[in-house]
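In structure tokens, the next block holds one chain alone, the form predicted on its own.
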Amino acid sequence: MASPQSLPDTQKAIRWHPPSYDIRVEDVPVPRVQHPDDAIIKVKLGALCGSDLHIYRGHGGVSQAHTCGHEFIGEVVALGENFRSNAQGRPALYSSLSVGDKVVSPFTVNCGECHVCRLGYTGRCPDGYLFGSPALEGGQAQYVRVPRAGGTLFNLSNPSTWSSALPNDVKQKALSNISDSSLLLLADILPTGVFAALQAINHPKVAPVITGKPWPLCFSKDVVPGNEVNFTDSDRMLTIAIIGLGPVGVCATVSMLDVLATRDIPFQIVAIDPIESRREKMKAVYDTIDAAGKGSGKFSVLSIDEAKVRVEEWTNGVGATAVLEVVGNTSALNLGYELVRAFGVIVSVGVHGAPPLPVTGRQLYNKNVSLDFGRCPARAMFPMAFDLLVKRQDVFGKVGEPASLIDRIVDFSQAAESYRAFDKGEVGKVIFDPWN
């Protein structure tokens, strides 16, 4: 096992320099424990995410050079003194995490102890920082410091410290068989995809379609005399539009298909992207998923103009029940507003950097549209994301195949080109191996 004394003085790291489009691989100091709650992780793999592109393009309001990346998996090589047996009153990891354990981190720091974290809103912990920002150096490096590590990290060597719907023996077997590149998806994009689907399917505006009861009786177990309504088959049809088929959009689509298949809900989904290669990837992913994971509903992968026509035809002009916006730009939100029905919901998990919002209060009022915005609480979403990861290894478990979410694993020498190609939509999910 490594110790702080055995760590090197310098490391290789992928760093962004202002104002934009400037990616360099540089030698920087290896981080050290600065606080008793810190952990130092030797990074096995670090990933490139669509959110990284906002800073890369100069749209993130950032003016300071820093180490990139908020998705990483690795091994604990140093721990602060607050990690000790029987750390009472602290998250369980403070008592159980050891040097040598394999861990994956969510993309934000979470204390795990405050009111916000206790409610499950871990992405907005007051003590939280985003990895790969001027506030906290990122994981596209050989080593990374994790503050508040006992409330942040997932211990993949000791899964008893986190929950899952899977039995312990199944969970342990899954962990021993799943590749590190697959487990890395738990850092951000898979929890975010699951979060988007969960927000939509559980939204109050979707309840009438799910329950077969009109508003507001859909929230009551009782039928009010004189208010019975006989729903038609079209009334019970859930129409979902998913805008953006990058890696997070694929995760959101796979998650939504799984939820609908599991609950046996009648549905029709249109998955939308202007880039043909992303549409082809989504088609390959859908074709790979077995019937148990995609149900018996309608599913189409279309361009923007084609999708407008399809939603119009499918709903007789009513519009989509819910829209998942997984891009993070104003044109995607405008499209979402155009596609959504009156009394519908738009769930946006894309990072929006360009103010103001393109839809006005009058527009939202005129359609009774609900907007659900914001960052995924990845730490809280981990159990559900892990269970889907185990179930869908046909999509998440391989690299470089037509239906693989991960396109390639590269070394740091390809960092600048990978950022360029990902920005242009020429490549999908890229993972960096810092040691190759």
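The model shown is predicted, which means the values in this text are computed figures rather than measured ones. The first residue of the sequence shown is number 1, and the count goes up from there.
From this point on, the text means the form predicted in complex with a further copy of the same chain, which you will not see here.
- Though a further copy of the same chain is absent from this view, in the model of the complex it lies within 4.5 Å of a heavy atom of just one residue from 96, 164, 277, 300, which is 164.
- In terms of contact with a further copy of the same chain in the model of the complex, the residue from 266, 134, 353, 293 that brings a heavy atom within 4.5 Å is 353.
- The closest non-hydrogen atom of residue 84 lies beyond 4.5 Å of a further copy of the same chain in the model of the complex.
- Proximity of residue 50 to a further copy of the same chain in the model of the complex falls outside the 4.5 Å heavy atom cutoff.
- Within 4.5 Å of any heavy atom of a further copy of the same chain in the model of the complex lies no heavy atom of residue 393.
- When a further copy of the same chain is considered in the model of the complex, residue 388 lies well away from it, no heavy atom lying within 4.5 Å.
- Contact here is defined as any heavy atom lying within 4.5 Å of a further copy of the same chain in the model of the complex, and by that definition not a single one of 39, 157 and 174 is a contact residue.
- Looking at 400-408, 41-49, 28-36, 380-388, the stretch with residues near a further copy of the same chain in the model of the complex, meaning non-hydrogen atoms within 4.5 angstroms, turns out to be 380-388.
- For the stretch 168-206, the set of residues having any non-hydrogen atom within 4.5 angstroms of a further copy of the same chain in the model of the complex comprises 195, 198, 199, 202, 203, 204, 205, 206, in sequence order.
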